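Okay, so we've got a single protein chain in two different forms coming up as structure tokens, structure 1 first and structure 2 after it.
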Structure 1
Amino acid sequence: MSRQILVTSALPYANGPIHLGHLVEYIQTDVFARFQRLRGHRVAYLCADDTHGTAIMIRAQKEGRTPEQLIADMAVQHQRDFAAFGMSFDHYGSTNSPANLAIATGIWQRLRERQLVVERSVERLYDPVQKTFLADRFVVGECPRCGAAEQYGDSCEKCGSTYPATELKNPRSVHSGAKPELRPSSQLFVRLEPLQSFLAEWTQKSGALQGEVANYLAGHFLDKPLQDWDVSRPAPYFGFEIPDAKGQFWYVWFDAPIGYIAATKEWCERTGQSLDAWWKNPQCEVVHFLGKDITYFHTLFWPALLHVGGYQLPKRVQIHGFLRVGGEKMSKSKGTFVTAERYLQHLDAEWLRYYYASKLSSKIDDLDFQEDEFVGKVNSDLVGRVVNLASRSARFVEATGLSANYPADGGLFARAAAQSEAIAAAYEACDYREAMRLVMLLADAANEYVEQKQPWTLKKDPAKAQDLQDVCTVVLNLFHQIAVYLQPVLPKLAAKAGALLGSACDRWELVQRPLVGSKVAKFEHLMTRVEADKVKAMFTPEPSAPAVPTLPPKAAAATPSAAAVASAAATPATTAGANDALQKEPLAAEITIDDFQKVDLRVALVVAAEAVPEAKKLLRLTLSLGSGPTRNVFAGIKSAYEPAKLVGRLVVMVANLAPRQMKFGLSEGMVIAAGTDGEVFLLSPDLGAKPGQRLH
């Protein structure tokens, strides 16, 4: 019986590139969508860019362009990356679309009708420089409980306590550094408590949620009155202005999931279908894939909106864990934060699809990317076992094609065909790891068969030509079954297998009937092996910190060594990326020479450097200006530099900056560095400069 299935992946935020972490989800979803299509079901796989919110607005502002320009760029980038990894979206939309506004407006009206919208005044932090209200995450300060510095406005990572942003001590805006002001803001809330019984019922009894998710919700939200959900944001905000509340915008998380429906709407309009046939049809199974970080949005707020809006509730919400690399969180400075683009510069997309599939289960566990394992799985499973079946048999039958009748094979083909439902069940349950395991067992059996029959021996005896053809017919048929079973994961490999055997691997039932009498194309390699070096190269941080002159402490005070300078000179200057940098940080307003001369820049020697344990970004540097007392300076370069390697280096400092009292001590100056965010480059003078010299 054919099913109708609407599949979604969470919408990627249009504030950054697609990376290996995103791809866990998109590959997981795409495999599911392709599997269902292969089984003959009607599938719509939909996704879109999530485009609204403060973060987008601020970033666009910094880059000197409109949010619309920014999200248009990101849409192109995202879709290019997804295409390269084989995502089979039926439609890819944007939350900043007329369709999304229309659907959101409809749901909003229903909320109003049901008296579920209430208005309240809330005191919010306001950045007087950026002229914008600040989300909690855009305010940092000292934790009101334990006093830890550099904590965000919602909770302290040090002591774990949570608090309102207004209680932060010495708060400042992440954007401007300004001290936020408290300003009253009238906000709109969606009341969830009236939906408590519906949510309790749906989360606990519908079967849509994984067990641990249902437990989490029961223990964390449903055991007490549900708080009203603050869904509006005051201007300025990049998003949809709320139709019946001028000057107020829907919070990004209100309209983001609605983007699933909007994308469906656009697709339906394009293809002449009815939206209601998908979103208001009880026969249609809606399946959402998402990461555990956004669980409650999709299991509380979202079903509430769907319920009130009269849309179909998800049949299933499939939640996955995060990607880790080598057991650790992805990290830009360690080089393990790998974008889709960077991956593709080194490796093949299908390798990753298989690797993830071979590790994914239906649980919420994190998935750990391990270099050795990646190389091993691709080379030994895919090349050594699966593809090898074709390479060791196809050439023998290039001239003859497959036997006209399927030969006796000791039941191998039938056994593999009988695995069909077990493998399908594993795919259906999103237990791809199990599916891959079962398929690899089939490949093992096929390789044993080859070993036993020794086609290479048969080839030597002309009288055994028929035996040779029969053996290869069996092996290639087993290979074909495997290619069909793997098609959801490896569509390109399946297409090549289809071309080799003259039969597309595009229907699940193909595993039931052997191919006979068909031609076999000239054999070409179906997949290349992974070289471990390339995986290493991918995880090696970009040469973002070019070789810098580093001096042993004693020699430094005198003259830098020639070698040190040579290495600096050997780094070719390049203008590549300059435009991009200029875009990120547009030129500041013009100043006079007098303005400039107020800033006293000096060459300084790093005498000592150490990480500040409690600070995420800071190193404590002790700087010498040749004579006089050393300066104690806190520099936000922890992510880019190891303290030990800085000792003995010459840097440039602002020597007449007013000392600033920080949580960890007094900072008596500022070290000059280029770059923003994660990328920081210290500046160093050329050969001969001495600590204390002023820059002119």
Structure 2
Amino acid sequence: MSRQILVTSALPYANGPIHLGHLVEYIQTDVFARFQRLRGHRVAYLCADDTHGTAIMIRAQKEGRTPEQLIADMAVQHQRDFAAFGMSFDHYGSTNSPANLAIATGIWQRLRERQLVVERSVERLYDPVQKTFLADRFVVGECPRCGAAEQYGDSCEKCGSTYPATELKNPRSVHSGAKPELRPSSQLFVRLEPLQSFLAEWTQKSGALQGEVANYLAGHFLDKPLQDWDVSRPAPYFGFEIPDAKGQFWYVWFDAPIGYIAATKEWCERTGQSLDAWWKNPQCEVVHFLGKDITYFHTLFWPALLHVGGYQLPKRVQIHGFLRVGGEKMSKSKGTFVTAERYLQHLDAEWLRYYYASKLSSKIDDLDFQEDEFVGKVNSDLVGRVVNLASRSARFVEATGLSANYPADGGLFARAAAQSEAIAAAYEACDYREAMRLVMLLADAANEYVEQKQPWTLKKDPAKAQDLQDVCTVVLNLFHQIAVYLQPVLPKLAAKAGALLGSACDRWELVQRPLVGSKVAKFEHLMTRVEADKVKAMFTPEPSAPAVPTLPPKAAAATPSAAAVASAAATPATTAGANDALQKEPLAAEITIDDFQKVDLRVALVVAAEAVPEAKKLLRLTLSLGSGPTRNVFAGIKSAYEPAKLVGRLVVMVANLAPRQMKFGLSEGMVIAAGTDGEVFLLSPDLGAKPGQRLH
């Protein structure tokens, strides 16, 4: 029976780049969403940037730009990194949106109607240098319960205690390093005690939470009257001003989770769907993925807002642990705080997807990145046990294809098909570690069959041509089953497997039917081995540099300055060259404005680029339009551009060109370039343009 599932990851804060710790969550969520789609369910995977708060405001001030400029640039970078790691968002939004303001206002009105909002003066920590009140997360000090150093102003990662920021010992501001002062502040609070019985019932009996989470809430919060929740901040503050409280702004944690609904609203408006069908439909399963550090926000405050606002409560909240590197917390000074961008400079994104999946269980345990383990798992599991199946058999049947009838295989295919529900159950439970274990057992059985049959030996005897074809048919079918099972984790590898065997790996039921009589494409390397020195290089500390440039580095470099443009225009050779170009390629026949408007030109971000080995002129580009699926485009620019230098650059693409099936894959658009006599010059938009914007 088909299910309707709305999946979210916690919204990344727009104050910094995506790093390896973030990717634990987004990979975990994406695997779940892809698995559910593979099973034939109706899935919406929504996310957005979390954009409000003091940190954004202060950083923008330091960099001499507006908060809106900062969050716009971070949105481009975040989406670029997510696309590079294969995140299959259906929509990616921002909490600084009209949709979010409208929904937050509606929920606020419901809170007012139920008399759940109160105002009172409280003493809060104030940064005397930055001249602003400090959110709990922007104060650090010693835990008042266990004494652990470097803990946030709301909870201790070491002992799990929660407390007011004013109780921290030896506190300091994250923004300036100054010792905070206590100052009175008029604040608005949401009363949670009237909702306590509802929250107790939901957290303890709904089945939405992991057992340890339900127990944690019962023992730390629900065993006493719930405290009122502080939901406002005085000016100056970057966020939404509260409609009925001039000079007061909603605290970032009020409108941030509402961003889940706002992103859904934007997606529904774009696709002609109903928001209520997703957020007010009891048949729709809302599934949240998040880290353990924001547990109580999502399991107490957020359900309270949904309940009062009349929205559907989550059917499941899947919480994960932190990422550690070599047993320690990530550290910039030690080089273990690695951004997504830095990882991609050294290693393949799918390697990390598999490594995390092989370690993620349904529990809240921390993950530990171990260099030797990472190299071993990728090289042994993926290259040695999975890809090797294709590399040791596909070449032998490029001319003949697969056997017309599926050969006897001693029950291997049937046993692999019979594991379908066990593997599916592991994915469903978010026990990816178990799913990977079961799949690798199938790979072991397939490799044992290869060793027994030795197709390389059969190849030497022409009289055994049919035996060779039959053996390779079995091996490639087992490989296809494994590729389908791994598709949620390794979508690119699965796509390559599908291209090799002429059968996509996009439906779970494909593991039940063997492939017979089909052609086998020329074998190309599916995955390379990890080089240990590249992993070490990724973790080697680099000289400090500005955290985030105003624009994506490649896009900024690609845009000429006004002086450069003026200089070029004044050069006689420029005019002469233009005349020569016009003579060599005269103007096309006149068209009408209606003809022109049929062409949808859009700004696009290059999130990945690679050469097409078998094509002399082509590069394969992965383009993002800011939201929705990425586009695969083949461009004849190999002679002019190195693929790595294109990543992060803004280009112009024809977005409504009908997809074209090429020898190398499906091309879903065209990038715009100029040039004659073999010269190629990609067109780039001016500074400030954003992916998805239309050219008029």
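By convention here, residues take numbers in order along the sequence of structure 1, the first being 1. We call the rigid core the largest set of C-alpha positions that still match within 1.5 Å between the two forms. Small disclaimer: the values here were computed from a predicted structure and weren't measured.
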Inset, instruction - Please state whether structure 1 or structure 2 is the form predicted in complex with the RNA. - result: 1
Legend entry - C-alpha of Pro128 off by 2 Å or more between structure 1 and structure 2 on rigid core: yes
Legend entry - Post core alignment: Ala277 C-alpha displaced by 2 Å or more between structure 1 and structure 2: no
Legend entry - Large Cα shift (2 Å or above) at Lys377 between structure 1 and structure 2, core-fitted: no
Legend entry - Per-residue Cα shift, Pro184, between structure 1 and structure 2 [Å; core superposed]: 3.3
Legend entry - Core-aligned Cα shift of Val174 between structure 1 and structure 2, given in Å: 5.7
